[in-house]
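To begin, one chain is listed below as structure tokens, in the form predicted on its own.
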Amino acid sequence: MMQQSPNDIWMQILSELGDIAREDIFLKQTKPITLTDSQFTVSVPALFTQEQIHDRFLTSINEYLEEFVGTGCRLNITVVQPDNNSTPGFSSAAAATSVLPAKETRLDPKCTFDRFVVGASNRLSHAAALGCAKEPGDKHNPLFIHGGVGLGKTHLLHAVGNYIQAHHSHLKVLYVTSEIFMNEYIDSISARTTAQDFRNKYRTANVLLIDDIQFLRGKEGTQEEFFHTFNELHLNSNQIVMTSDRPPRNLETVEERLTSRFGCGMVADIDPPQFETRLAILRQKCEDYGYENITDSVLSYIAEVVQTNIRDLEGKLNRLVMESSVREEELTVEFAARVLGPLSTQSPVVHHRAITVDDIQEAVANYFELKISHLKSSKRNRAYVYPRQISMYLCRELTSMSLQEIAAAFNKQDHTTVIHACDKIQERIPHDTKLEQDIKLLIADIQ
């Protein structure tokens, strides 16, 4: 394992942490430096970035280092000031983007309306997004799109921006995540002299596209700044489009004056895609990646197995293609069933009443003859880790809780611990009959 470079190890860790972590603004500022048996050193450009990574990701990263490098290997985060003339306290990332020209919008050119597969589950959101793209500031302003992870919210956000750039090139389009907004706001406070640049950047945009607005929850100062930014843009008929994992009314610890404004325009939801839409998405992915000779029967099988979201569909398709290539076997339905598991173990959980985290923790604790405090502890022995991971997985499947809320329910500061637990359980279900039986019995008990 030590033959691998620090960059190789870092890429493996980011892959394990999942989509949310890979897009994290702080992790993106991290640079791998050295790797030994006992220490993996990375550099960051600012103390605040160091603190954020330490508080939110340290536990999970150390767990992966033990897995990839060896027992006892720990993360060391060192602050290396950028070699430039930026204002002290103002990070290089923020300095590079303090005032963005209209064309530097962080938009993904591949995310267009033409490449968005429309079905019954997303038709309303697609129509609303296209409407405000054609008539920015006049139709559906603000537009608030909400839905679960991996259902296409971010794709629509980028599609709005790309359409406006193509058809209304004189307008200034700005895409950011709420974490980027918060980070740049904090930088503007610490640098003091950049506060006006920050406000000019956001309040002069003709189109503001902001992703994952739910991460403003509990951040009073950032909410205050966004409130004034929102008012300034809306007063001048500038288009605002936001995405979230929940509707405005469910954004706890977000000020009511903000949530009322979020809902004053158009609120549209995206649900998990139906079978026909999933199949159409898979066909498009095959075309995008140049996957030839994959039969419709195989794609139909994947569409039946994966009933969650688009990212899972894409991930399972890529896995099958890679496994087929590595094993030098034909990609058939039988091969897919061996790799992905039978349909019966992959169908989404159906429940008929509101299930709480307390219900799940009590059921799991009783099933494994533990105390609930054991599930919430930080002990790493298998007697606790296995039930704890199952509990987190069931919370993700049976409730509408966010990753952060699940982490808090188990006394974890880092939501990537929940991602890791859910991924581990999901991967093992098709190959572990005891785990599958445990989960089925627990679900029956909880429901």
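Bear in mind that the values here come from a model prediction, so they are computed numbers and not experimental data. Position 1 is the first residue in the sequence shown; the rest follow in order.
What comes next is about the form predicted in complex with a small molecule, which does not appear here.
For the residues V364, V298, L208, I310, the 4.5 Å heavy atom test against the small molecule in the model of the complex is passed only by I310. Screening G218, G221, G148, G72 for any heavy atom within 4.5 Å of the small molecule in the model of the complex leaves a single hit, G148.
You can rule out all but one of 116-124, 133-141, 355-363, 162-170: in the model of the complex, only 116-124 has residues with a heavy atom within 4.5 Å of the small molecule.
Using a 4.5 angstroms threshold between heavy atoms, T154 counts as touching the small molecule in the model of the complex.
For E314, a non-hydrogen atom is located within 4.5 Å of the small molecule in the model of the complex, even though that partner is not displayed. Within 4.5 Å of any heavy atom of the small molecule in the model of the complex lies no heavy atom of V305.
Proximity of V241 to the small molecule in the model of the complex: non-hydrogen atoms within 4.5 Å are absent; the residue sits far from the partner. Relative to the shown form, the CA atoms of R311 and T399 are brought 3 Å or more closer together in the model of the complex. Put simply, H54 and G221 spread apart in the model of the complex: their C-alpha atoms are 3 Å or more farther than in the form shown.
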